[in-house]
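What follows is one chain in structure tokens, specifically the form predicted alone.
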Amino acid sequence: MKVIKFGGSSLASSTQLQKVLSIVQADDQRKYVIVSAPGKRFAGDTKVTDLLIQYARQTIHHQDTAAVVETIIDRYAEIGRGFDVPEDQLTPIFDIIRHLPNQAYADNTYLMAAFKAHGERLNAKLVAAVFAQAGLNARYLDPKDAGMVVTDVPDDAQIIESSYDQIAKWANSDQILVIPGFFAYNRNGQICTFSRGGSDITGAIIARGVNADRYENFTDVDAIYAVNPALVAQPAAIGEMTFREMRELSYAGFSVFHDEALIPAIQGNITVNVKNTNHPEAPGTLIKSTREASTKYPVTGIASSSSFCSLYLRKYLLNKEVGFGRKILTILEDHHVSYEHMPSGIDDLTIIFDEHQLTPELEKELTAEISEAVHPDEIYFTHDYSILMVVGESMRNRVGIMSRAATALADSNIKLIMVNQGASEISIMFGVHDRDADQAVVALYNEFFN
């Protein structure tokens, strides 16, 4: 029994959906189909989700929405009519789009969440109709009917644990169930969306809930690669990797999965197979709990992300001052700011943040309050900051990985700002200037894979 998920590029048009239909027909174990909203059909095209965001904003500001509504309808119409779906099945979808502004929403954040979620909701209804038109025993299953209940956060919801008992009731279905990704309902029946990568999260939740043998995640690449293909031509494909490796690499910018998307699959110990909708016969990449150590490559993958900033503090005899760290962390907690890492020396420390949670005003407040609390000799924020991750389960059993990595960066004249090895010994983190990040990734790839 398999749960399969298709991303927006796989569902962008009737041509792409024909490939999806063939994939489902090719394996009768593929019983749970998670769908995203239609994505881009070509360069310069607009995703349906982005059109819905525009629709929501125009609705909030009481602007004319006629043009964007017809554009959204046209996207679904092209797909449905490409499979000769009867008009009496398409019309309700079009009506829902037109009447979205007429529904009751708690506030504009819930309105935005509901508008965005309808990209997936309506596409799942349409895909179920296409499957049925093709002769498959398929039906649409709404997240509410599936038993998915989430926390009351309109744009960053979390699944409530009791949901899994309800989802389990749908195990061993004799039908193909088409389920929209990205959203579910809170206890009040309001739509709340998951964070970015939300359809991946839905797929992992359903896979755990029905105790699937495998969760196949179809995208537009043949496999997960050891490095960003935009930086290295024809990089090595990763045949197998562990959940831990995937988490470490996703955290540092691997774009195949949002780093939280696989948590339900990890909890359920469900093997994940990343495959290509356009090349489904390719084996793809398996992600699972354990794997054999590689004798060829000690490193599995290398990634970088520039979405970080740092706060540097220096104070003489910092290491002798009891409560220094607690005072700083209390201030961060009071402002609901989490930190990523905190490398330190005897007289200084650096706190690394995801910079998306900070604003210039908040940085000024934090600087003032921390200065008042601990009286540092020096304190400042730095935004020219990228993190590189070198990840591999096989690194634990090899000597000299740190030396090789540092030497490769030095030979490329790249200055290291920070170095940190994870406690699990499967990752090494380097901090570098943003301007050096791409060159650093290439240098590390050449060292460990060429």
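By rigid core we mean the largest C-alpha set that fits within 1.5 Å across both forms. All figures in this text were calculated on a predicted structure; none of them were measured in a lab. Start at 1 and count along the sequence shown; that's the residue number.
Beyond the structure shown, there is the form predicted in complex with a small molecule, which is absent from this document and is the topic of what follows.
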Which of 43 to 51, 23 to 31, 380 to 388, 402 to 410 sits within 4.5 Å of the small molecule in the predicted complex, heavy atom basis
43 to 51
Tell me, yes or no, whether Phe115 is in contact with the small molecule in the predicted complex, where a contact means a heavy atom of each within 4.5 Å.
no
Give a yes or no for Tyr215: in the predicted complex, does one of its heavy atoms lie within 4.5 Å of a heavy atom belonging to the small molecule?
no
Given that the partner is absent here, does Asn123 sit within 4.5 Å of the small molecule in the predicted complex, heavy atoms only?
no
So in the predicted complex, does any heavy atom of Gly198 sit within 4.5 Å of the small molecule?
yes
Large Cα move at Thr46 between this form and the one not shown, threshold 2 Å, rigid core
yes
